[in-house]
Ligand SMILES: Cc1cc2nc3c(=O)[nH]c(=O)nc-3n(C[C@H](O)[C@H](O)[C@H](O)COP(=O)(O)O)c2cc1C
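Quick setup: one chain, the form predicted on its own, written in structure tokens, and binding and motion questions come after.
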Amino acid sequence: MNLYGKNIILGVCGGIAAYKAAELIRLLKKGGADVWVVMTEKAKEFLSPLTLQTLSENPVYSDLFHNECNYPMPHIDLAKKCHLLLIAPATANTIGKCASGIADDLLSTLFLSVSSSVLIAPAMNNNMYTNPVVQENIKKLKGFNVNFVEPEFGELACGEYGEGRLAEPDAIVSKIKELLSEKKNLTGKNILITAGPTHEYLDPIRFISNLSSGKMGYAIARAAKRRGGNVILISGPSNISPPPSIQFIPVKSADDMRREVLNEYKKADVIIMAAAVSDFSPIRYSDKKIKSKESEGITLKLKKTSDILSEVSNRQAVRSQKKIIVGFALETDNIIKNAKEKLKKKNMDFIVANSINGFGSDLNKVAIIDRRGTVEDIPLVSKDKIAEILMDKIEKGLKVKYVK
């Protein structure tokens, strides 16, 4: 993809990697983009605004109020023309301000003003990058649908080796092209997604659950929204912030999830059951905490929870509705064989087969199987990438169903 006609706003922060902004501008201009640069005051300590103005062939902005350039209100005027805001290098300070909604300079104010995609490329000392506060801020921004190019592992300016080195300019530009070429083929389609675990309570404070983080389901929700879908996300307990501009329905138990799915499934064109719903729940629930002395030698009796996926699939079969149904199969052995059996038994269009290794991780290795039994192995990649691959298959599946 070329970048002709695209306005890229490049935010440059105060770090030694600021010098790579020059190469970024060169590559973006080579791709056809029009580049406008916003520098923080600290960035000007590392790199001359004149250098970036010469390379970009546009004025460089840094002051929120006293600009001698074309725009009297640059945080508004630049935001209006922006197709993508790139912050590279992004310091821990700027990431923290963006995550907290602090707008005390032009770049942080512009971040709050843009409606376009935002791409952040962090660069800092490895100890700073792995600091829990910085990681929490990054996690928060990802929950707000902000995109990241992760830093690389290598030699840092301080002489140490670790994670925190700015991603290579080629990799950053490649991600920009990916974001700006996003498809909108799901515009007008209703996408119902379930995510996360469920909690089946024994008493007010104890429950049966599993290790699901909800990351896969939330990644699918973000991918569907990027493609223009009307997303309904029904999620069990998770620490992830739901993507903006979707219908979000939080639930706790398997019964809660069943109720909400059956309330929403009729209007859905696509149903993606990514939640790790508990298979069992206690037969008896205690309104009060079960005391330890009462639990000596206790026998916990369980009952099966509702099979939500089978119920939805059976209802579709009866009504012959043209819906795409996707399920997930987590297995500890015979992964593909068991997933194929589940696919056929529950009358799905696709099933994503994976193992316990993906629980809680940002990465996973899966296989996607269609109703013909064709298996596509996906190597260890990010869950966001898996979501994009899955959405490509769903789009093709919708075209087939609506042509018939």
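Definition used throughout: the rigid core is the maximal C-alpha set that superposes within 1.5 Å between two forms. Throughout, we count residues from 1 along the sequence that is shown. All values reported here derive from a predicted model rather than from experimental measurement.
Not pictured, yet referred to below: the form predicted in complex with the named molecule.
All of 11, 35 and 88 within 4.5 Å of the named molecule in the predicted complex, heavy atom check: No, none of 11, 35 and 88 comes within 4.5 Å of the named molecule in the predicted complex.
Candidate stretches 236 to 244, 91 to 99, 275 to 283, 112 to 120 - the one whose heavy atoms come within 4.5 Å of the named molecule in the predicted complex: It is 91 to 99 that comes within 4.5 Å of the partner.
Should residue 42 be counted as a contact of the named molecule in the predicted complex, where contact means heavy atoms within 4.5 Å? Residue 42: contacts the named molecule in the predicted complex.
Would you please decide whether residue 221 lies within 4.5 angstroms of the named molecule in the predicted complex, comparing each non-hydrogen atom pair? Flag for residue 221 set to no.
So, in the predicted complex, is residue 146 in contact with the named molecule at a 4.5 angstroms heavy atom limit? Taking the distances in the predicted complex, the answer for residue 146 is no, it never comes within 4.5 Å of the named molecule.
Partner contact for residue 381 in the predicted complex: the named molecule, 4.5 angstroms, heavy atom: No - in the predicted complex, heavy atoms of residue 381 and the named molecule never come within 4.5 Å of each other.
Identify, from the list 202, 79, 180, 128, the residue with a heavy atom within 4.5 Å of the named molecule in the predicted complex. Of the candidates 202, 79, 180, 128, 128 is the one lying within 4.5 Å of the named molecule in the predicted complex.
Within 4.5 Å, heavy atoms only, which of 124, 216, 257, 192 is in contact with the named molecule in the predicted complex? Checking each option against the named molecule in the predicted complex, the one that comes within 4.5 Å is 124.
Would you say whether residue 125 is displaced between the shown form and the other one, judging by a C-alpha shift of 2 Å or more on the superposed rigid core? After core superposition, the displacement of the residue 125 C-alpha between the shown form and the other one reaches the 2 Å mark, so yes.
Residue 341 C-alpha relocation of at least 2 Å between the shown form and the other one, rigid core basis: Not so; residue 341 is displaced by less than 2 Å.
Superpose on the rigid core, then tell me if the C-alpha of residue 42 is displaced by 2 angstroms or more between the shown form and the other one. Moves: yes, 2 Å or greater.
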